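Take a look at this single chain, the form predicted alone, given in C-alpha cells.
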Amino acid sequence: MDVLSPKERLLRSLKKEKVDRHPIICPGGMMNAALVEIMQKTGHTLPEAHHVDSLMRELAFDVQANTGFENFGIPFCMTIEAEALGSPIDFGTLACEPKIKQEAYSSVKEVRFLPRGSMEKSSRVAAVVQSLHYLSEKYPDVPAIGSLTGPLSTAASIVDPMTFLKQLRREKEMAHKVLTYVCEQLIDYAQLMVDNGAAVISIADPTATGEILGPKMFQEYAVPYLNMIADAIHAMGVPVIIHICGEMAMVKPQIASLHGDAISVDAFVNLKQMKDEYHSLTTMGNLSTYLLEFSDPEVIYQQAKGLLKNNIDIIAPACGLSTSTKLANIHAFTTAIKEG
C-alpha cells in the first residue's frame, strides 16, 4: 500500500529523502502524454486545449487519470515561450503538435529585446498559469509540474536555428546577450507558474545536446544558462528537473555540474552507469518512447521492471511520447512501477 501522496513522493525523491516507492511521472511540455486515444475518449482535445484554460486543465486531468502517471503536466507543447517572444505558431491538429511557422528573427543581431514582464501578456501563458492554479488547488496531493522550454531551444525558436547555431561561434557576444534575455523571460514565466501552484518546474532543452553543441559549446552555452534558470527557480523555493536529449558520451562530465534536482535523459543513456559514476545525481527516466509506441505491454512491463532493478530514482518516459502511443502500453509501464 502507498504511504505517501504522489506529491510527497516526488518532492521527497527530488530532495534525496526516503520514499515508499519510486514515483512515475510525465512532466508535460516536450514530454507530455496527451495521446490521441485519451482525447478521443474524453472529448477534451488539442489544438483547442492549447488556448483555453478550462480545456487545458481538463486534458491534464484526463492524462493523469487515464495513464497512471502521478502528476499533472502542463502545457502540451514547446511553443508558448517562442510565441510570447515573437514567433508565429502553427498549432497543429489533434494528432500533430504545434510547431514554429517562422522564427521571428533571421539573426541574433536582429532580436528585439522585450521588457521584463512581457510573458504575462501572452494569452497562452495565462491559460497555463490558470490551469496550474486550478489543478493545484483542487488536487493538492498530485504535483502540478510546470514545463519550461530550455534557453537554447527557445532562442533557436525565435532566431533561425541554423543561423543561431553558427552564431554561437561567430557572434559570441550577441549570442550571449540573446541567451541572457531569453533566460530572464523564462524566469519570469517560471515565477508565474510557481506563484500559481507549480510544485516542480521541468526544463527540457532538446537543442542543448552533446551531438549538436559538442563539449566546449555545451560548457559555454548550455550549462551556465540552464543553471541561471535553475538557480532562480530554486530561489522561488521549488525544485527543478532538467531534461537533456540525445547521447551523452561527449558531455557526461558536465552533466554533474547542472543544478537540476533531477537529471532526465534519453533512452540512449545508460542511467545505471551514470548513477554509479555520479553518486550526487538524482536520475530520471528513461523508458524508450519508441518501445512505448511500437512494442507490446509485456515487453514494456519487463523494461519498466528493469528500471526498478537499476534503482533509477524517478521513473519517466525517455523523451517526448508520440501522440499515437497505445494507452495499454502506458498502463503496463505505470502498473509495473506501482507494483514495485
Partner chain sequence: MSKSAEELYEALADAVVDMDEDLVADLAKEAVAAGVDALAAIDQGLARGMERAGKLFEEEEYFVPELLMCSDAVNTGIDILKPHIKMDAAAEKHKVVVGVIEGDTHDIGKNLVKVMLNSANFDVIDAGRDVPPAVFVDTAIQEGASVIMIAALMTTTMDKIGDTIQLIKERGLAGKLRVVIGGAPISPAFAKKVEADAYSVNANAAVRIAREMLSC
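Numbering follows the first chain given and starts at 1. All values derive from a computational prediction rather than experimental measurement.
The discussion below concerns the form predicted in complex with its partner chain, not included here.
Contact here is defined as any heavy atom lying within 4.5 Å of its partner chain in the predicted bound form, and by that definition not a single one of Lys109, Lys172 and Ala175 is a contact residue. Taking the partner from elsewhere, Glu211 is found to have a heavy atom lying within 4.5 Å of its partner chain in the predicted bound form. Residue contact check for Asn329: none of its heavy atoms lie within 4.5 Å of its partner chain in the predicted bound form. Mapping the unseen interface onto this chain, Thr282 falls outside it, with no heavy atom inside 4.5 Å of its partner chain in the predicted bound form. Its partner chain in the predicted bound form comes within 4.5 Å of no heavy atom belonging to Lys252. Contact annotation: of the candidates Lys99, His259, His234, His133, the single residue with a non-hydrogen atom within 4.5 angstroms of its partner chain in the predicted bound form is Lys99.
Listed residues Leu114, Leu94, Met228, Leu165 were compared with its partner chain in the predicted bound form; Leu165 is the one with a heavy atom within 4.5 Å. Look at 47-55, 65-73, 289-297, 270-278: in the predicted bound form, residues with non-hydrogen atoms within 4.5 angstroms of its partner chain sit in 289-297.
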